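Take a look at this single chain in structure tokens; it is the form predicted on its own.
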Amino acid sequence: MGKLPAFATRLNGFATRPELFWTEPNYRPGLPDLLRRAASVPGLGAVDLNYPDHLAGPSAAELKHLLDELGLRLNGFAMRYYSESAFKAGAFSNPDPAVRRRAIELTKRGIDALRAAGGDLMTIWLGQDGFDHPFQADHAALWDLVVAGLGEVAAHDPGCQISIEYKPDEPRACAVLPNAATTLLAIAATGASNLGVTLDFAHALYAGESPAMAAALIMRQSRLMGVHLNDGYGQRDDGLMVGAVHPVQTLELLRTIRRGGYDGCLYFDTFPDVAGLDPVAECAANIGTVGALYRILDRLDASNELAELLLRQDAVAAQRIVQRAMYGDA
């Protein structure tokens, strides 16, 4: 089998079912505990941390030492804009200039902390930047504010990769950056070479996108800096295990990014905490699923037959080949 990518995971889910890992009753794990539990997953090599949440305790230097001790590497930081209630009305597009300035400065501090911890990938999800009602906002003004904010934080450290994770909505009813195409327009408007995109599988589904097509478009027009794997029913951000609902579309996405040269981590943005699943077993299952899908990809790529059928847009013949590689001969 070809070399598997590195795997990273959402860390907060490892606080669920604490009795399976810690003996103390009603134990409330802190960040070092969550990292130790994540490190117990076979095959997991990296983690993402939320800023400022996860940096409230240890310093960046202490964090780097702990990760080294556990044999984990830092994939990157993810900005979170719920540290103050004023951000509910927007971070980069808040109507109050003082609040916008605080959001931008918070992001710059996050980039500085990331670099101090040895990382170079900051993921920005602007979930608070959007609107809820018709006639609530001047849409052109919202766009300009978001583009200006992204440009400023990208210029803060040109050597740091800044990746935008788009999502159609939540918590706002409508997001300023709801899909791949709009996000690519915003990146082009900034002119910043260190901006790129994080594709979240479930976000793409409920944006009405084909995840594979979105990835191909991103790699053609910008840089694919992050891939979040999960699954769902396309109506919301379900955070289900990888391949649980859409295994064929997951396979198509993995084939697309592998052929496109993506060499970053595959990050499991799943929610074992919602249903009280064992997070260690759930993460291990995700790694096992991706390994199985990569073995299928090896079988598909053993010849040029599928590639030729795709160029001819022969859906029937292509489906037969994919199904044979996935399920064997009938």
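The shown structure was predicted, so the numbers you read here are calculated from the model rather than taken from an experiment. Position 1 is the first residue in the sequence shown; the rest follow in order.
There is another form of this protein, the form predicted together with a further copy of the same chain, and it is not shown here; the text below is about that form.
J.: Tell me the stretch among 168-176, 72-80, 106-114, 191-199 that has any heavy atom within 4.5 angstroms of a further copy of the same chain in the predicted complex.
T.: Among the listed stretches, the partner-contacting one is 168-176.
J.: Heavy atoms within 4.5 Å of a further copy of the same chain in the predicted complex: does residue 225 have any?
T.: Flag for residue 225 set to no.
J.: Can you tell me if residue 50 lies within 4.5 angstroms of a further copy of the same chain in the predicted complex, counting non-hydrogen atoms only?
T.: Residue 50: no contact with a further copy of the same chain in the predicted complex.
J.: Please run the contact check for residue 98 against a further copy of the same chain in the predicted complex: heavy atoms, 4.5 angstroms, yes or no?
T.: Residue 98: no, not in contact with a further copy of the same chain in the predicted complex.
J.: Looking at the partner-bound form in the predicted complex, is residue 217 within 4.5 Å of a further copy of the same chain by any heavy atom?
T.: Within the cut-off, so yes.
J.: Only counting heavy atoms and a 4.5 Å limit, does any residue of 254-288 reach a further copy of the same chain in the predicted complex, and if so which ones?
T.: The stretch touches the partner through 255, 273, 274, 275, 276, 277, 281, 282, 284, 285.
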